[in-house]
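Single chain ahead, by itself, as structure tokens, in the form predicted alone.
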Amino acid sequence: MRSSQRVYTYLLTILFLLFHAATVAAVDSDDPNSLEALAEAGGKYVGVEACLQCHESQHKQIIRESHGQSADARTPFAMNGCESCHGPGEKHIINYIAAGDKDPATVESALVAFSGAKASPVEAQNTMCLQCHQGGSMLNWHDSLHEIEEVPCSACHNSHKPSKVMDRETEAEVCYECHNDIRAQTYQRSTHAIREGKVVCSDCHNSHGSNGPAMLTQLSINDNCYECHAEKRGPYLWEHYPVTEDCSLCHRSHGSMHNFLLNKQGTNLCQQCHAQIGPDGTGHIRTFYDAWDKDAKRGRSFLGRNCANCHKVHGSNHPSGPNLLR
């Protein structure tokens, strides 16, 4: 079943890519955010030396990083330097000279700006990044929630210097700038080791998009969990149906006030489905008589107040039958 689902998903991905390619080819050439329009608006390329006249500090930053390695043919500096990303700088310089003694920050320019008060439209910024960053983890960007919400690449990445999102110790800080509710969950009683840096957002999510729900790296929530919790996959002789369907039916992945990241405490969680069994064990298929009160008939699970004392909730190979007994 899982293999057929994967084949189906791959076929959908291929169809989406073909559709996207046809859509891009049909885009009006007058689009102001297209690469051709941006290059025409900026005039001619002037070279890195011209940029250095005003932007020396930015140049010192970028030549220490991957984007600024001119010896590597894959980098912007191996092509047109700063203008590989910001676009041709001729009109930028002309506007600056024409402005005289005005503050350079106020000079209108055709250059693509990635931050600041005069940042270019998100589409224009991301178009520049997508010139080089295609395929791999970027394969599903055009159908991702971040792209739909018009999040610019520069919201998480800094092309001139090291980005916090590329470091496992600081990655979560970048994500928390928008996902502050998730940060709050990581401070609850039971949580993955996110604050300790042993688990980071990118271990489970692909921020550039995926075929799974919630931009998960795998096709389903369960497949994502099995990457670390392989022992829960089974196969078991007796399976617990909620487990095979969706781990999040019982667990909260980012944090919970209950043990083992459970949605609810102890028997309350099980009673969401097994409502016929009362909190004191009444209604249980196996019962015993209270030694002090012969008329009180209670389930034996009442002693521990926890179904897991007797049952293996993820599945069982016990020969007693489908009761998931230990």
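Numbering starts at 1 and runs along the sequence shown. These numbers come from a predicted model, not from an experiment.
Note that the form predicted in complex with a small molecule isn't included here; everything after this is about it.
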{"item": "Contact label in the predicted bound form: D246 to the small molecule, heavy atom within 4.5 Å", "value": "yes"}
{"item": "Residue contact check: I97 to the small molecule in the predicted bound form, 4.5 Å heavy atom", "value": "yes"}
{"item": "Contact test in the predicted bound form: N306 vs the small molecule, heavy atoms, 4.5 Å", "value": "yes"}
{"item": "S202, heavy atom within 4.5 angstroms of the small molecule in the predicted bound form", "value": "yes"}
